[in-house]
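One chain is shown next in structure tokens, namely the form predicted alone.
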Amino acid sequence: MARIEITGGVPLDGEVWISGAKNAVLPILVASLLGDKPSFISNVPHLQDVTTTMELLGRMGASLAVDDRMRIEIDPRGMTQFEAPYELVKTMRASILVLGPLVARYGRAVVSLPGGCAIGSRPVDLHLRGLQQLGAEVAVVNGNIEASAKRLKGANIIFDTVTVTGTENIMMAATLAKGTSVLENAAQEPEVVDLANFLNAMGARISGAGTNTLVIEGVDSLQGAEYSVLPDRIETGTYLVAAAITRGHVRATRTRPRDLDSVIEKLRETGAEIEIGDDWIDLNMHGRRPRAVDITTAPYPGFATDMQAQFTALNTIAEGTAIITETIFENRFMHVQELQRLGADITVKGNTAIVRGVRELNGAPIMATDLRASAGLVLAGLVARGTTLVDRVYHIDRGYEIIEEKLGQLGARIRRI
């Protein structure tokens, strides 16, 4: 099994380009199933989750072609199977997103209850309830979600809690429903907006994306579309934190600064000097040790839970004490135990971690527990004295494209073994 080996202590310096967003490309690939014609998706990151999604769509009968620039053509006209099996779904929670498009476009779906990162329960009841409100018959049988409908009907749906994948699933389903649907307490994440923009390019009628209320006027059919996925704000934030934690100077290019307001604000609190352009962010620590910053995760536009582990790592070597409060997932401090192996001083009480900054960390063998935790561990390894070995890096390959190459180009002593 692959591991990442890091010899820490090098301030990062240079320029890094940002890949397309993992959390946008997966629902967009799935949404192509709603069309009557092929779609062409560009700026696709080369990730394990993308490969898994393509395998899933291919098993259902969709035709896929990829060029050398990772531009993917998806032709759904050969669809013959409408099932997402457990062996694929168990590795990637986003597989649940095929549920809405399959029921809306083909009238039936069988989707195994999902897996993915072990960071909390993340129940799918909001997805199922939303489909039922649109008129689908839904049941859970032998670990599978079975749903069917002749044609969905528009409905007013109020989500009990903000759910990104729930919003995306029901939004996709509602595009082909008869009548108008209103989704209230909808997720406002940029990736949700990107999906809405892609669906509108296919001929959907969605308004309100980026607010907490979506209005979807159902149409009889959708076409294919050409679309470029937005840049990955979490990858951007991760490399900016990598610069801050190593007291370095990094410019992230091909990104979208407006999606990172909360992250940039917190990085400035650490003492970082930050400049922003149309599609780039430049962070310079001028060799200074970062200051500790408190973090409370929240749905967008709040501080992203997917950036919590990276800032936890940053705070381990920062000046002062930080309080990290996780409000989204109940089990997202599993990286703390691994950081403690490096010498971090962290106390966890319920959904709060108290991080007391230490002067230095020391390299040790550590193990990734989920996607974003693995990124936080790599960041800690960049500053740890000696050698850090990060095991189970398949987690990081689900969400970061060639991370060791990108960090290596910034001067990090890092390799995959």
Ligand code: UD1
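As the structure is a prediction and not an experimental result, all values here were calculated from the model. The first residue of the shown sequence is 1; numbering continues from there.
The following text describes the form predicted together with this ligand, which does not appear among the structures shown.
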Of T296, T321, T161, S228, which residue is found within 4.5 angstroms of this ligand in the model of the complex when only non-hydrogen atoms are counted?
T161
Note: exactly one of V193, I328, V110, L88 sits with a heavy atom within 4.5 Å of this ligand in the model of the complex, namely I328
Spell it out for me: taking this ligand in the model of the complex, does every residue among E15, S42 and K406 have a heavy atom no farther than 4.5 Å from it?
no
Counting only non-hydrogen atoms, which stretch in 249-257, 78-86, 163-171, 212-220 is within 4.5 Å of this ligand in the model of the complex?
163-171
Contact test in the model of the complex: A94 vs this ligand, heavy atoms, 4.5 Å:
yes
Considering only heavy atoms, tell me if E184 and this ligand come within 4.5 Å of each other in the model of the complex.
no
Is D125 close enough to this ligand in the model of the complex to count, meaning some heavy atom within 4.5 Å?
yes
4.5 Å heavy atom contact, N23 to this ligand in the model of the complex
yes
For 170-189: residues with a non-hydrogen atom within 4.5 angstroms of this ligand in the model of the complex?
E189
